[in-house]
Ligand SMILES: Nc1nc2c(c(=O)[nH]1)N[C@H]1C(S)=C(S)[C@@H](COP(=O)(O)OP(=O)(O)OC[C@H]3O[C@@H](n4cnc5c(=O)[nH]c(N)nc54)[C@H](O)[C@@H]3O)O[C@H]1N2
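First comes one chain, alone, set out as structure tokens in the form predicted alone.
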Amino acid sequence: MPTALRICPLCEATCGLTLTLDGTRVTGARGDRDDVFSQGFICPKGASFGELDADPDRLRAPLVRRADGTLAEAGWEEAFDLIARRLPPLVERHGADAVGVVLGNPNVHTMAGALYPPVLLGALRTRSLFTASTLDQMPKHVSSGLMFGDPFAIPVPDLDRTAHLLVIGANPLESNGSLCTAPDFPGKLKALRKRGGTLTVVDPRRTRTARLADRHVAVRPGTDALLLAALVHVLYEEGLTDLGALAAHVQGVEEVEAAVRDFTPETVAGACDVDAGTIRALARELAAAPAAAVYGRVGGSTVAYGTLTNWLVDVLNVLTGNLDRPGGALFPLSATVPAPRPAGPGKGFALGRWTSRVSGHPEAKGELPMAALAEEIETPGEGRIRALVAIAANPVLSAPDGDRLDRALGALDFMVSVDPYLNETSRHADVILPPPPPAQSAHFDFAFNGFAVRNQVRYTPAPVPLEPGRMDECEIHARLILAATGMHGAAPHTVDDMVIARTLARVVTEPHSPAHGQDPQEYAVRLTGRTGAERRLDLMLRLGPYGLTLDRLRAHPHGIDLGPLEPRVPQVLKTRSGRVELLPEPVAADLPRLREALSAPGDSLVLVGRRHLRSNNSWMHNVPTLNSGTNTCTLQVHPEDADRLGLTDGGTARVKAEGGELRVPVEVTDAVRPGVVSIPHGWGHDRPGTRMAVAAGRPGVNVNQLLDGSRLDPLSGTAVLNGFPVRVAPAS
């Protein structure tokens, strides 16, 4: 049977796949052994590519809400006509901020999701932007923005060369990595151990990653920042700091020493439930390693001190001399970022340039907290969100208090959803625009190449042609922009032509740009590509640091290896000082809150989430092969707690918190530490009006319904989804 290549879009590992085709149907998927990055690795999600691609519940045509309130299939022209008729008048009457935009996690997994939403936001000029980042990674963006001047300057561990890896709040054997794009993360950790390196995992659960580690530290959830602050304290106290070549690029070293003076190992031990001797050993091992990296993820972000935790991760990397050196934490150089500008001071990064209308939450990276979306729709007054554009987003399941948001969405004047499914959120839309299955879409990883553990670049055209009646995802987005902004009826390539023209008009004036001094129109004529999206990709490659072209990339179907990560911190820094600002003012102002945690009484029982290898948040629960086996929605509880609470394995528990109550099957296991229970994120497929038969057959429960949205990390606006108190009892 014929085969075709396709980069997997189902998690951040971005593995190369070889698809087996029967006509236009994908009958199998295996790892592409010739892929320059993944070299044949595949996980269960990638192996199920064909099953997901052919899911019979995927929408094949737009849905439009009729006069009787029902959603019915419609033609593409009717769908865009309705958007053009309803959305621009709302903006004219109520202002730009009356239109909210919600971007979900899958946006960064498609070409269209990376290229077009920024154009839509620029055209709408709305400040009502909500994304999955404030349910996941925003603390890392904020800490990087404050320290390095760029919220996307995120260092990643040099997995292939490090000698010591400290992982905190991450489970890459299940997640395949996050903000660290690394195919075969399990193999890389095993290789680290095999070459004599050390793996330390800090996690309240004994995850698959923790079971692989040399040392597992079962910290009390939510106290990661305290533990890391104590590690920093030990480095100063014992004279273990050594910035090495980085010293000339850092300011604030002495200020950090004073800031962590109160966080001794002995002081934090009780709150963290980690003895002082272990804390000192962790700091000494980190400092003594010939090359080391500290890597933190979701478990350290979706907690009360998420930004402080992420800041301390990189403070440790800086103080041990491991930031920006081989084997430490390095900054990737993607092929589609603009060619590096000369080193020197930049504009810096600011928080709170505006605030949300109702509760006054400060923006971060141009976004407001997803937890505030419901109140911004429900609360009357000038600036109320009256219309919503949701792109690849299901916040009814992913945000706190989905019941309230569910009600709020029903009160909107108009809603558009770009989504392949009629799910818990899109069921409220007046228009649903379904993108085609992934096999019918080309793929390039704009976002994840910026977090990759090795510089490389790959592009795969669509393995099979579009089915009749389908519309390319990039065209859907372009037409949405035109319909929403008063340009309905213009050709879709108008959007791409406009972006190309604006980009070239700017870069030809920049001395460091490869296009400096050239004629913009002549340059545009040289761009290749069959579609507007491909022409934009070609432009970005040409303007990037490697001087590539789309034609050259097409000539290398398994990708181009661009080499290992290299030190480049002077090019990265965009702070006003032109240096790494080790103690930014907003961080210093938040430290007293962390000090208060030293004396705060610990909660008797707290809840954490968990990852499943066979899913990605609320995705993929409608694929039978993936929604099976250990991919189950249970309440994990330690045997000691089960005995104390009267819970039995296989029984049902009642779980309560400030946002609501759930009934969950019990799984008694020592994989969680005493005092901790765990429910996975992304479940709760039991609402009426959806069209996802497999997911509805095993719906699970929505763990975020336990929260009312009041718990946020103040600097980033990220919802506290981990380490919050719950009450658990047997269900009567």
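Computed from a prediction, not measured in an experiment: that's the story for all the values here. Each residue number is its position in the shown sequence, starting from 1.
The form predicted together with the named molecule is left out here; the points below concern that form.
Notebook entry, point to check: So which of 172, 332, 584, 369 gets a non-hydrogen atom within 4.5 Å of the named molecule in the predicted bound form?
Noted result: After the contact test, the surviving option is 172.
Next item on the list: Counting non-hydrogen atoms within 4.5 angstroms of the named molecule in the predicted bound form, say which of 110, 317, 627, 449 makes the cut.
Entry: Of 110, 317, 627, 449, the residue with a heavy atom within 4.5 Å of the named molecule in the predicted bound form is 110.
Next item on the list: Look at the candidate spot formed by 94, 355 and 717 and say whether the named molecule comes within 4.5 Å of a heavy atom in all three of them in the predicted bound form.
Entry: Heavy-atom distance to the named molecule in the predicted bound form: none of the three under 4.5 Å.
Check: Would residue 612 count as a contact of the named molecule in the predicted bound form, using a 4.5 angstroms cut-off between non-hydrogen atoms?
Finding: So residue 612 counts as contacting the named molecule.
Note to self: Please tell me whether any heavy atom belonging to residue 393 falls inside 4.5 Å of a heavy atom of the named molecule, as the geometry stands in the predicted bound form.
What the structure shows: Although the named molecule is absent here, residue 393 would touch it in the predicted bound form, with heavy atoms inside 4.5 Å.
Note to self: Residue-level contact is defined here as any heavy atom of the residue lying within 4.5 Å of the named molecule in the predicted bound form; does residue 419 satisfy this criterion?
What the structure shows: Yes, residue 419 lies within 4.5 Å of the named molecule in the predicted bound form.
Margin query: Is residue 721 near the named molecule? Define near as a heavy atom within 4.5 Å, in the predicted bound form.
Written below: Residue 721: yes, in contact with the named molecule in the predicted bound form.
Notebook entry, point to check: Looking at 281 to 289, 509 to 517, 480 to 488, 131 to 139, which one sits within 4.5 Å of the named molecule in the predicted bound form if you count heavy atoms only?
Noted result: Of the stretches listed, the one contacting the partner is 131 to 139.
Notebook entry, point to check: Counting only heavy atoms, which residues in 193 to 210 are within 4.5 Å of the named molecule in the predicted bound form?
Noted result: Counting only heavy atoms within 4.5 Å of the named molecule in the predicted bound form, the contacting residues of 193 to 210 are 202, 203, 204, 205, 207.
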